[in-house]
Every structure is written in structure tokens, then in C-alpha cells.
Ligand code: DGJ
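The chain below stands alone, shown as C-alpha cells; this is the form predicted on its own.
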Amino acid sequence: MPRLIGADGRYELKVGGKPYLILGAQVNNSSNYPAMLPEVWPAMSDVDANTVVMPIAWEQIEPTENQYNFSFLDLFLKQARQHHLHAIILWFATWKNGGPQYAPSWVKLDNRRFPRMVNRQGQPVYSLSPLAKTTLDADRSAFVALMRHLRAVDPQHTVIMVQVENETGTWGAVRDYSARADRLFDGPVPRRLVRALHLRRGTWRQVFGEKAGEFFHAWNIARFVDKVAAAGKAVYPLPMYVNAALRDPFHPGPPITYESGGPTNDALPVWKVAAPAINLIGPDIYMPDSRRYFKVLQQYHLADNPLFVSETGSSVVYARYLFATLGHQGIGFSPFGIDYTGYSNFPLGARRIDPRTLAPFALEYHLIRPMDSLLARLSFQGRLHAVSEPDDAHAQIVKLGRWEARVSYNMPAFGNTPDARARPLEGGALIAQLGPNEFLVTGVHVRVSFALTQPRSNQFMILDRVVQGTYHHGTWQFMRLWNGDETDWGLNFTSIPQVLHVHLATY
């Protein structure tokens, strides 16, 4: 079984008993039908993904209550195997971007049986209430049926993880203001949450103050999601996760301005207590500037939360962030909207999805994929370092114990004069420690130079050997030695995939 393991605040996804790094590509929301699959597989090939991320909608598998149809899932799995891809399934059900649009009509049009939330003014809200047992029971039954069918038809473990719901929370209302919700809100905070967060007992308002409504809503949504996930795991225990629609990491504003109740960074402690069946919470990052992107990676890379960038933009500026994700011990990375159906979520992503758009992602995936299992293992051991090009700096220092690496951007392959030509921000470097003085080094559009961290008097660094090679089925294969022009100005990586083993020494 695919499984997530953790130790010392680091995590590893194992697939087929081996470390696995998700080089993912998520299709568009409505590409989950047989006629669309011929437009999916060429894009997966062009981007060189190892994992296709596919929605499965509640309305798709249970259009009539208690009558299930898994024909698309079966076809999708068959074709994913033919294309030698693993898969992640996204369960679009009670919540998809805060709404029930992917729930079947017999659910989303029956407000009496499946009540919607009520806002502060007493008006119905688009989101279904997380407090309705009827909604929970129906969602849970459908998800259990999905997982039971998946267990029966996927003995190969093509599917390696499942996302439960999608960007949960509510736009335009901080919480449910129905009569039942108000009674619960005026009551005590559940003892389990109080104990876990080391808080004093009291009502939600007494305990959480101005955050009370948002955290109350987060608790109820997370408990709902946990019950769905736990029931599915009881049938087929794949790793399960949720994704988060983000608030601004520096200037979030009040909860009415973002998806209240979802796993935003401030609500992560509540979600972690409320939803123990969820293995990780992944950020959906559509913030092209490096300052906010790096901050989000910090917020979701936690000792109790494996980092998986569950969605990110498809425009060229996002490709570089694969490196920063790996630098935060991320288990995977997945740009959104990767198919040739003709739809684009511009301006969140690229204006058009085509081979040219995908080229920056393909370059990095093609570089990393032959050694993805090795990198996943080194990351779990705390020996992997990686950085992405920031918007406003041309160099970074990576500390490597006795050694340090200077990572520079916008530099030519020969000489020290920065390139004055305008170019996209797409640089990144990866450095993995293979031994005390040996490193695996690679990157794109970047220069890497090494130095001693604290040199003694009359002690100098030397590049003993710089070996270019390739990985084939995890085995290193020698190609040539770099020397002279190739090393005199640092190790320069361009758009040509190149991997080096660098041996450092002193004289």
C-alpha cells in the first residue's frame, strides 16, 4: 500500500515500497469525462509528470441516490496504467471551492433534507451546512462506495493518494448562523480541542475572541471531513489529504474576505485536532511573487504536516518553485490545469496551455524524474537542499555544514558580468549531500559555486572532481569530467538537463 511515514519532522511517501516524489499535473475541473481523456495524456507526456491528478465528482458516480456508476474511474485507471502514470483522486463532493456544485442534483437542490448555511442576516448561503447529519451521511456513503470500488479494481495501487473534498470553507460568511449553529457556538468549546491546544475552557467567544466564528466553522468542517475520510480509510486505507484556498500570508484581512473555515494557516491547529484521519494539508498557491510563495511554504511545512503543493499556477513564473518546495522537504508539486482541452484559468495560470507553456515545468520534471526516488530518500534523511530564484535578489547562500554554496542567477556560463537581457524568472538549484565532501548538484538557469564556511588560515577550497552523469533506474552512470572552462566560473546550469557529482577538498 502507498503510505506516508514520518520521523524527526520529515516525511516520506512510499509507493511500491520505495520513496516516491510526486511530480504531479492536475487536469482542469471538468476534464473528468471519457471524451476529455485524449486531451489529457499528451499534456502529461509533454510535461513529463509521473502522477496525474484527476477529479471524481459525487454527481458523476451517484447521479441517482444509491445507484453508482464507476465507468469513468475504471477507464481512467486503465489508461493511466497504459501511460505508466500513478494517480491522485480528488473527491469533489459537499465542498468544491466552498460550494456543492459537484454534489448530485438530489442533494444540492433539496434544501430541506440537505440544508444550506445561513448568514448573519438570516439569508441562505451557497455552502451546505457542515452540521447537517443527512449531508454527512450521504457524502460518507458515496465516498465509502468509491473507496470500496477502488480497492477492488486497483490492486496495482495506481492511485497513491486521495484528496477529500476540495478547498473547503465558505465565501461571504464567517460561519453558519442557523439556530442550531448559534446554540453550539454559545456552548463550550469541545474538550478535545481545549486539551490539545492547552486552552482554558469556555464558550467559543470566550476562548477564541475575534477568531471564534472562523475557528468554530473550521472545527465543524474539519470534523465532517474527518468522518468522511475515516470511513473511506476503514475500507481502503490510502493516504488522504485536504487542500487549502489561501489567505494572504502577510495581510490576510478579516475572514469574510477569504474562505472561512477552510484549512488556512491560522486554522491549521484546529484542523489538526479535528481531522486526525487526514494525513496532510496542502496549500493551493496562486501567488506568483516569491515573497508570498516562500512564506506559504514555511506556513505549511510543519513538524506535524508533510508539505505537498497540491495546486499551483501553470504560468512560467511558477515552475521555479518546484525547487523551493523540495528545499522545504516537500513530497510533491502539482501545477493546475494541465491538459489540452482548451480551457485556461488565466490570470491565475497561463493564458494558454500548450507544449511551449509547459516547457519550463517539463525541463524540471525531466531533470528530476530519473532520480526522484533517490531525492525523496535524501529529503527524508535531511540531506536535500534546494532554492528557487527570488524576485528581487541575484544570489543565495545554502549552508552545507563545513561547506556553503553560493547560488547565483542571471549569470553567463563564462565570466562574472550579469546578463543584462530581460528573461523570465525560472532559475533554481538542488544540492544533495552524498557524503561529507560529496554533493549531487543540479539546477536550471543558475550558477552554483562552493566555498568553506569557516576556512582556517591558508586553507582553500578546491573542486577535486566534478563528474557529469545520469541516473538510470536509480543507478549512477558516468558520462565525463568537467574541468577548465566548465568549472572556472562556477558550475553553470542552463536549459540542458545536467546532473553533477561534485567532490570538494582543501589545499
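The first residue of the sequence shown is number 1, and the count goes up from there. All figures in this text were calculated on a predicted structure; none of them were measured in a lab.
This next part talks about the form predicted in complex with the named molecule, which is not shown.
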| item | value |
| --- | --- |
| The unique member of 468, 45, 29, 449 whose heavy atoms fall within 4.5 Å of the named molecule in the predicted complex | 29 |
| Of 359, 348, 153, 256, the one that lies within 4.5 Å of the named molecule in the predicted complex (heavy atoms) | 348 |
| Residue contact check: residue 86 to the named molecule in the predicted complex, 4.5 Å heavy atom | no |
| 4.5 Å heavy atom contact, residue 311 to the named molecule in the predicted complex | yes |
| Partner proximity in the predicted complex: residue 433 to the named molecule, non-hydrogen atom cutoff 4.5 Å | no |
| Residue 247: touches the named molecule in the predicted complex, heavy atom cutoff 4.5 angstroms | no |
| Among 159-167, 294-302, 219-227, 205-213, the region lying within 4.5 Å of the named molecule in the predicted complex by heavy atom distance | 159-167 |
| The named molecule in the predicted complex - contacting residues of 256-287, heavy atom within 4.5 Å | 284, 286 |
